[in-house]
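As a starting point, one isolated chain is supplied in structure tokens, in the form predicted on its own.
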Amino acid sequence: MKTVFSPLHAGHGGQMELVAGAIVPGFEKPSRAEIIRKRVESEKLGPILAPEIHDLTAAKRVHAADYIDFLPTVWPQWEAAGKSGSAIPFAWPTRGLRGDVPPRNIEALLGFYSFDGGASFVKGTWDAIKSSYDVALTAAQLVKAGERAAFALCRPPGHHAGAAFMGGYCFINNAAVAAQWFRDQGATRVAVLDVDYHHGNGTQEIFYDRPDIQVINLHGDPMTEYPFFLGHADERGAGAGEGFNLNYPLPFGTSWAKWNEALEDACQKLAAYAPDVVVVSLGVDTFEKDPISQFKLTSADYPKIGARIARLGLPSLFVMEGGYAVDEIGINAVGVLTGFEGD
């Protein structure tokens, strides 16, 4: 399996985030991608390719143009305002406030285009965002050209980013961009299978009224787990998209047996949908030692995930999302891929 990777991800490093009442170093750090890359090499998964450079047309197919245009301007605006450190959102246009008028202040704009304090910027953040987007599209092109599967080693991740907002360490929704790109290239139906511990709220929001892109999430129950405000089982899609959004919220402490039951049901429904291609939002924060998650999967479980996806018999694009147990992230992420290859 070919992997696409860019070293420019490292520019998004040293950023702080607002979480649980404190400003702390970001859990989403450069070592995550580097450890996965080294594991790809040591396991001899296949060649590692640099991404091709793309314009932002594909991003604007799933995101609002003004949002995408805003992202490259964040750090220049932050510096022009005389600020330093991490650019972190802290005020949001919630219920009762106006969310239809973009303000002119960079601190306000950060809140206008976000839903939490986890999508912060440092000087190299935009270059990392853009490289992650290029990685996803380049890997999608490999699958379109006939590869059985490809791995987009994206960093930063993307699945929490909605049509017009960032959050949860995510800025451009790489999986959604790839899914839409496959449609634009002629695929009749595309499925997005999100196995990250946290619900892919951005992907759901982007495609919620669409019948041509099925979105399936296995995740921590939003009654007790981030991102809290989407991911319930009764969210089935809207309008023409009703029935094409599937959520499997699971409780704290879920181990392989129960998680695998949900995966099996999800794969059966995916197969019945009969897509031309599958985009897998690959998060491995379901791991028992993950510092910000509450499931109990072990390293031995991840190859089984890959093997089950392989049995779908569909072209598959794996897009890296979350996973914060840095010591084991390479073992677990690449374990899914070798499981897929070995099936």
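What you see is a predicted model; the values in this text were computed from it and never measured. Residue positions are given as counts along the sequence shown, with the first one as 1.
Missing here is the form predicted together with another copy of the chain; even so, the following discussion is about that form.
Residue contact with another copy of the chain in the predicted bound form: Ile88 places a heavy atom within 4.5 Å of it. When contacts are judged by a 4.5 Å heavy atom cut-off, Cys267 does not count as touching another copy of the chain in the predicted bound form. Not displayed here, another copy of the chain is approached by Leu18 to within 4.5 Å at the level of heavy atoms in the predicted bound form. Using a 4.5 angstroms limit between non-hydrogen atoms, Gly186 is distant from another copy of the chain in the predicted bound form. Stretch-level contact check against another copy of the chain in the predicted bound form with heavy atoms at 4.5 Å: of 151-159, 200-208, 176-184, 124-132, the positive one is 200-208.
Although the partner is absent from the chain shown here, none of Glu147, Phe287 and Ala300 has a heavy atom within 4.5 Å of another copy of the chain in the predicted bound form.
With the partner omitted from this view, the residue of Gly82, Gly253, Gly96, Gly239 that lies near another copy of the chain in the predicted bound form is Gly96 [heavy atom within 4.5 Å]. Interface residues of 102-136, taken as those with a heavy atom within 4.5 Å of another copy of the chain in the predicted bound form (partner not displayed): Pro102, Pro103, Arg104, Asn105, Glu107, Ala108, Gly111, Phe112, Tyr113, Ser114, Phe115, Asp116, Gly117, in sequence order.
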